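One chain comes next, on its own, written as structure tokens: the form predicted alone.
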């Protein structure tokens, strides 16, 4: 039996839901509202001390970290493999999944917070906002989160995050100029790993970031046409949250464009 603790807007949870859909696996979901702080529930912290989603439970065994969960699912279950069979393409796949863990995900947090999440959080009382910040177990992330919530686009790491995505999209486009997918001519875990992040920019109304990159546009169209895309990315995203992210993102786009237009 597969159980997944997840949230609708979590890009990491979406990565895992994509693999579950691609592998055609049945699973039971436990939805945690991370904007309401449900990930800090003591019972959940016993499963995932980092207070993040997703967490997978397979026949009683707890598995955390989204990339590890994705590889585990591909290893543990039959069906279409999402890791290349040959060593070199598999290494190329892991280049992308490592990049997601180490650079892409840390960049998407500030972009999402300053564009949309901060507005939801600031509707609360001052004491509730402070509680939301202080409940994060990582002191570094606590301070960064404080800046995103109170300073918005003036927070020191936001410009760096926006410019990182600008560079990433160009890099993806260059690779896709000679390949149908990121590691070659077969859809792999590299593509599923990047999908939620490009989709996050699209949801926020930032698709103009890749308007000059026609290879990337072609790739994203192919991704969206896969049967796994809609259920993994949107089935568990509440409509009001989706609408809020899009409307807030549109309002934020001039600030994003300003950063992109002033790269030096």
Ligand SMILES: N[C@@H](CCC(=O)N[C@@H](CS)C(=O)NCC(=O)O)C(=O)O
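It should be emphasised that the depicted structure is a prediction, and the values quoted were computed from it without experimental measurement. Numbering follows the first chain given and starts at 1.
One more form of this protein should be noted, the form predicted together with this ligand, which is absent from this view; the next part is about it.
Per-stretch contact check against this ligand in the model of the complex, the hit in 233-241, 201-209, 216-224, 32-40 (non-hydrogen atom, 4.5 angstroms): Only one stretch passes the 4.5 Å heavy-atom test: 32-40.
Close approach of residue 12 to this ligand in the model of the complex, 4.5 Å, heavy atom: So residue 12 counts as contacting this ligand.
Residue 118: touches this ligand in the model of the complex, heavy atom cutoff 4.5 angstroms: So residue 118 does not count as contacting this ligand.
Partner contact for residue 54 in the model of the complex: this ligand, 4.5 angstroms, heavy atom: Yes.
Contact flag, residue 83 vs this ligand in the model of the complex, heavy atom cut 4.5 Å: Residue 83 lies outside the contact set for this ligand.
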